[in-house]
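One chain comes next, on its own, written as structure tokens: the form predicted alone.
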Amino acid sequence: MAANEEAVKYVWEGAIPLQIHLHKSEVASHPAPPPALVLAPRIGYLPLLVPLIKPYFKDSLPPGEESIWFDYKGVPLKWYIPTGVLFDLLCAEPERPWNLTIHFRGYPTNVLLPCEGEDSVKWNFVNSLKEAAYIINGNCKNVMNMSQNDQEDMWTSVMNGDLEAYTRLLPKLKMGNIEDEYSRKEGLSSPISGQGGTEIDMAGQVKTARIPVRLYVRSVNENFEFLEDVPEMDTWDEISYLNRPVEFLREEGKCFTLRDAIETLLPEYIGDRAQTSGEEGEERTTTDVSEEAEGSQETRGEIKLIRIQGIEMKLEIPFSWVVNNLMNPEFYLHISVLVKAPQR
């Protein structure tokens, strides 16, 4: 198996061990049931686990209307965000098993969108796929033109983690092509490379590519040195959410890296806008520059961590490799960023 094929396989097989507790206010049996242990696919969604979990707790539930949702340390979990992204975002220091609480009533409509189980999750997936197609190709007709059976087969392949079945359906989406700069050097290939919207002109010049990206930025005010010292998240207000494509032009002799992509999304943390400089022609000593750099860090904040598919990413990695190997099945690249907030 080629290295790139193995990377995609790892993404599809990636899972998070969950320990699911029934909320104490909903326990109607004595003794209270022990937590349920479930292995949750990273590319899956929490509501898809309900058919596994509900039978486990059914004898401990009081009668009444059911409205199922999950929380982590009191924070309701957004069902339309992939489970792996939630884990990367909320657990700076990975917690295994991940302890979640399940609720069967009291749905927090002020925080969460309504969810009708698998149907809502499937609608969200297909809608995201259409959005990604529009970003990449300028239209979503290839998704719209898929037969009902093909759409159903694609959704089933995602639910079952069946990469082979999913890969067979990809040609019907016609999502374009990205040449993987790393693979080109190493002579590797990826089963889903060739996705992402790069065009090549008559002279072989690579034109601008548009990559669908969902960026989740958690801002922390307190100073911390180690990830275990990151404070717990209290509310979703601490998360900034950007749904924005990354555009890049492949230039001969240059490699567009993850740093370049993050700079287009968060210029206040990386790049020229994140720098301070003296007036033109002003002479500055080494001490001045050192003090300015220190002040700049305090003023503008700092990126502490970038995670994609559970991997702590180095900014120098070719962005094309990240896209071809770490993109989710709906063709969005989900990036979780932890930043130390700017000091005003």
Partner chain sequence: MDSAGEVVNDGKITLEGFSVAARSFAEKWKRLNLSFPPWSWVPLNNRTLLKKEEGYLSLEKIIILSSLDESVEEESLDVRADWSEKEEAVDHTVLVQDVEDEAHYYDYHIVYSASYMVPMLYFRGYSSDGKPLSLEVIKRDLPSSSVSLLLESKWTFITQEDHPYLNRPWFKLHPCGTEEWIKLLSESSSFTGCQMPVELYLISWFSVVGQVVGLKIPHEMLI
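Positions refer to the first chain, counted from 1. Quick caveat: nothing in here was measured; it's all calculated off a predicted structure.
What comes next is about the form predicted in complex with the partner chain, which does not appear here.
Checking 134, 72, 155, 248 against the partner chain in the predicted complex, a heavy atom within 4.5 Å turns up for just one residue: 134. Of the candidates 255, 230, 89, 265, 265 is the one whose heavy atoms come within 4.5 Å of the partner chain in the predicted complex; the others do not.
With the partner chain left out of view, the stretch that reaches within 4.5 Å of it through heavy atoms in the predicted complex is, among 166-174, 125-133, 147-155, 92-100, 125-133. When the partner chain is considered in the predicted complex, residue 241 lines it closely, a heavy atom lying within 4.5 Å. Among heavy atoms of residue 339, some come within 4.5 Å of the partner chain in the predicted complex.
Taking non-hydrogen atoms only, residue 217 approaches the partner chain to within 4.5 angstroms in the predicted complex. Using a 4.5 Å cutoff between non-hydrogen atoms, residue 224 does not count as a contact of the partner chain in the predicted complex. Although the partner chain is not shown here, in the predicted complex the stretch 106-122 places heavy atoms of 109, 110, 111, 112, 113, 114 within 4.5 Å of it, in sequence order.
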